[in-house]
Structures are given as structure tokens and as C-alpha cells.
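Shown next as C-alpha cells: one chain only, the form predicted alone.
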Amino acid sequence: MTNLLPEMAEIWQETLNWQPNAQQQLQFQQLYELIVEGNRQLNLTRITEPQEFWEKHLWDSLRGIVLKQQFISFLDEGASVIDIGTGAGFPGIPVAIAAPNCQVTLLDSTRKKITFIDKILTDLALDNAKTLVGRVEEIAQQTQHRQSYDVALIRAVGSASACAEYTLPLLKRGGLAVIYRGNWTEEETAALKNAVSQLGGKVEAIAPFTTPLTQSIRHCLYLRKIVATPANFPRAVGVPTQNPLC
């Protein structure tokens, strides 16, 4: 018997000015059960205890799309969102559940993970999400994806400069990249600003926050796309990580 996730309605409301309705709560529970089950074969996450899963996978995923105590405005308007390196489906699947008007593309280079996510999307009846297998350096050079998204999400993938190089080419002008980080320093901000300006963007906000249960310090970086990204970005597979812009 899988454990039940905590509901945490008050914490959702206090921290994000939002809380899941009954259907969304059920989808979160189903997602949790499917991840725990899939973990036996795929080693998707070390986080399987219900409260930890709620905080580090559900709450943390949705905290990234909240600016000034509201979901990013695009999400109410049927935004196109891409989650880069989605892994077990975070933050993209919780975002697709919480913002049913938006269209979420879940990108990962590991076919096994994408096959698993396809099953989750079917089981949860999430028709506003779809999957894509590939390396972001190649996908972002394809005309059907380049400059096609309103929001790009990236969590736990490489340096912030590499994340900027992965996200900004995919965004429409005016679009927003959300980079999920743990710790962050002022020194890192200077290097990031430099990289982002080369990619046609600007650093709009760096938001520190504390997780509600374990009081861990986290940060989200918000990058706004201002002008078209030069055609040579992103560079070839592996280069942005090995040789980040600075």
C-alpha cells in the first residue's frame, strides 16, 4: 500500500497563493504512486517518502513558476512551456497539473525515461503535456522548436550559464526562462548577466526562498528573452556544460 501524500492546503495557500483542487490533489497522489512504482526499475529519484516528495518534487516544482505571489501570467493564457532535462517529470508534470491551460513539452535525452513519462501522462489523463526525446543543443537548433516557447524550465542541469544557453534559444521574444537552483552567490550573478546578454536576454529576477517543511534555502533565476539569440547558440552537444559562457 502506497502512503498518502499530505494535502498541505494551508501551506500551498500561504506560500504560493494557490492550492490544488480535488482533481489536482488526486493527480498528485497518482503521480506519486507511479513514481514510487517506476523507481523499482528506473532509479528515478531517491525521494520517495510522502512529505519529502511533496516538498522537493511538488511544492518546489510549482514554486518556480510563482513570481510576486502569482503564477507567471503566461500560464493562464495557454502558454507553451518546455521542461528541459525533465528526468522523472519534474518540474513539468506538476506544472501541467497545476496550469491546465498551458501546453507542456517534457524533453529528455533518455528514451527509457520518456517512455515512462508517456505512461504517466496516459494514466493521469494529462492531455496538455507531451514528450520529446533529444538533446537540447540539437532540439534548440530545429526550426519547429527554436523561439517557439513562452516559458522554459530547467532544474538541476549544469551551471547557470549552461542553463541560460539551453533555455534562451527556445524562447519567443518576451519569453521567460526559469532556472531552479540550490545556493546562489552574488559572484555567480555577474557571470550569469554576462552570459545572458550574449544570448539575447536579461536577468529579470533572482528569487531566494525557503522550503516550507525543511527550511532549506533555494533560488530561482528568471531570465527574460529580449532579442533573438544568435544562431550559433546553443553550441554543440556537451560544449555549454564543459565550457560555460562567462
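Keep in mind that this is a model prediction, so the values were computed, not measured. Just count from 1 along the sequence shown to find any residue number.
Not on display, but discussed next: the form predicted together with ligand SAM.
Among heavy atoms of residue 121, none comes within 4.5 Å of ligand SAM in the predicted complex. Though the partner is left out of this view, residue 86 does reach within 4.5 Å of ligand SAM in the predicted complex, counting heavy atoms only.
Within this chain, residue 115 is remote from the site of ligand SAM in the predicted complex, having no heavy atom within 4.5 Å. Of the heavy atoms in residue 146, none are within 4.5 Å of ligand SAM in the predicted complex.
Per the 4.5 Å heavy atom criterion, ligand SAM in the predicted complex is contacted by stretch 101-109, the sole one of 170-178, 67-75, 122-130, 101-109.
Just one of 81, 160, 136, 95 comes within 4.5 Å of ligand SAM in the predicted complex, counting any heavy atom, and that one is 136. Within 4.5 angstroms of ligand SAM in the predicted complex, the stretch 217-244 places no non-hydrogen atom at all.
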